[in-house]
Every structure is written in C-alpha cells, then in structure tokens.
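Only one chain is included here, represented as structure tokens and corresponding to the form predicted on its own.
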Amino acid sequence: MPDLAFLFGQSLSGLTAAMFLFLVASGLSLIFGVLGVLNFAHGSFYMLGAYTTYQIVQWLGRDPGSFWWAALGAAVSIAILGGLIERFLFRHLYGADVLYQLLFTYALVLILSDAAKVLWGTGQLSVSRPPGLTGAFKLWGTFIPYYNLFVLLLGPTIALLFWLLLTRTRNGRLIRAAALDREMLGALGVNVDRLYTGVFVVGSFLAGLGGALIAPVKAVVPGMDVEIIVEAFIVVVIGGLGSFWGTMLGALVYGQVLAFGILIFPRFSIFSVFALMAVVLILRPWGLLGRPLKS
C-alpha cells in the first residue's frame, strides 16, 4: 500500500498535467463552442508554440527574463498565425460537414508538422526552466518543483480571467450570443466575422501558451502535436464540447485518472483514460457539464 506522501505526490503530478492540458483544451473547446469547427490542427499550434519558445530563447541568450519574453512572444506569434489561418482558410469551413473540417485540419497538421521539421529538424530540443523556478520545496514528504507550483496556480488564474471575460464584458456576451445564433447577431449589426477571428486568435493564443510553458518540462520534438490533440479531445469529450468549466473538470479528471491509473495498471495506464471516456460517452454523450445537442 503506497504511503500518503507518495499518493499526494501522484495527485500533484496529475494536477500539473491537468493544468497543461486545460490551457490547450480550453482553446479547442472555445473554438468549437463558438465557431462550430473541430480544429484538429490545434495541437500543431501547441507544438509551434514550444518550438517558437525554444527559438526565441536561443536568440535572447542567457538573459534572466529570456524565457518569459520567449513564452509571451511565442503565444502572441501563434495567436497571429491562428488569426491569419482563420481569416484565409477556416472561414470557408463554417457550416461545412464535420468530415470536411477534420480532413482539412488534418491536412493542415501535416503541413505544419513538415514545416517544423524543415525549420528545427527532427532531434529533441529543450528549454531550461526560468531562474527563480528551478528548485523545489518539500511539503508533506513530497518535493514539489517551483515551476510545477507556478503552473498549478496559473491554470485556475487563467480560467477565472476568461470566465470573467465571457460573463462580465460586452465582448464576452457577444461571444456567447454568437455561439447561440450567428445570423441574429449579424442582423443586429455586429461584425460576426471579426468576432470569429478574435475567438480563433484567443484559442490559438492558449494553445501557443501551453506549448511555451511545456517546453521546460518536456522535450520539444515532432509528433508532440498529435499526442496533445488526442489528450485534448479526450478532455473536452469528458467535460463537454463547448463547455469552459467542463473543460477544466475534464482536465482534472483526466490528470487524476492517468496519475493513479499508473499505480493500478502500470502497463495499461492510458487504457483507464479511454475506458473513462467510453463510459462518459455511453452515459452522457454530451459530456459531464455539456448540454445535449438539439435535434
């Protein structure tokens, strides 16, 4: 029987993974909830965020604040890239069949993946943790890296900020209205195309930020886009497509099930996550906090 300190450490590990996943999956869920597009290329934005962070750190050198400038620059760069892709490519997919959306976004995944290999090669790249967050402290018999604590605090902070944005601002009300009835909102004089571009930019920013923050923790390699998009889809399916807090709940559930599944089924830990997703799809096809689609 594992001791309490070990279980506490596993739980924190699952929470940390959940916060990284939430950053990426929340952008995916936001884009689907408002634009109605299943963006399979969202994982590519995450991967490019990690690569861009690495590149900017190389340019800035050993400056103490290089990582933070790199992370911000990477997230903004991916947001701009996402806005351009939405403006010139995705705009033609609105209202199209889901199959066309998936085929198009998968083609985009292949293009962006090859572009990353040409620019940065196929080897493993790494980014050092920022100064001030390199050590660890001990709590209840478990060593907790300062960087992990930063991520644990950042996830809920971003969730709260975006909740306030969506519920307490005019733009947030317009975004929620666009998710319900785009035609009516356009008839009221709102520039829906510009609003859609803004939503896509925000979703892309979250994906790029997630990739930037994961760079000091995991190796930056080709293929990380496919890995994260599978995990993100599991999260939004469990929590509910288009539900912001459902995405947070789905990420927390995913992180804990994966962390403790390793203890129970070491060789089949990922199986426990897929089994949970299957159960949710059977009992609540719209997710834990999602809403049933109207027929």
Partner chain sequence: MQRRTVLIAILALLLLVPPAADAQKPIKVGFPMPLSGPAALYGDPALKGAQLFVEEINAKGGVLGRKIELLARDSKANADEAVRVSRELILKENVDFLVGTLTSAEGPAVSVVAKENKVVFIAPIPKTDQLTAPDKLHPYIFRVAATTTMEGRSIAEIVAKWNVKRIATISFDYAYGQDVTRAFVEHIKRIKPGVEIVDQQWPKLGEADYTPFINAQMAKKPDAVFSSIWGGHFLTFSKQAKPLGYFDAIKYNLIGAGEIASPEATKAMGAEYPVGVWGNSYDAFYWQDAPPAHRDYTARLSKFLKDDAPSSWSIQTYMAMQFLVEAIKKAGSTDSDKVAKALLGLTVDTPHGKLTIRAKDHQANRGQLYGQTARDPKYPFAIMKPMTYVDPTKFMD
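Small disclaimer: the values here were computed from a predicted structure and weren't measured. Residue numbers count along the first chain shown, from 1.
The protein also exists as the form predicted in complex with the partner chain; that form is not presented, and the subsequent description refers to it.
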- request: Counting only non-hydrogen atoms, choose the one of 193 to 201, 167 to 175, 83 to 91, 124 to 132 that falls within 4.5 Å of the partner chain in the model of the complex.
  value: 124 to 132
message: At 4.5 Å by heavy atoms, is each residue in P222, A259 and L263 next to the partner chain in the model of the complex?
response: yes
The partner chain contact in the model of the complex: S272, any heavy atom under 4.5 Å: no
query: in the model of the complex, does A17 have a heavy atom within 4.5 Å of the partner chain?
result: yes
- prompt: Does A215 make contact with the partner chain in the model of the complex, using a 4.5 Å heavy atom cut-off?
  reply: yes
message: Given that the partner chain is not shown alongside this chain, does L119 nevertheless sit within 4.5 Å of it in the model of the complex, heavy atom to heavy atom?
response: no
field: Heavy atom within 4.5 Å of the partner chain in the model of the complex - the one residue of L188, A115, A136, L153 that qualifies
entry: A136
- request: With the partner chain left out of view, choose which of Y106, F143, Y100, W163 has a non-hydrogen atom within 4.5 angstroms of it in the model of the complex.
  value: F143
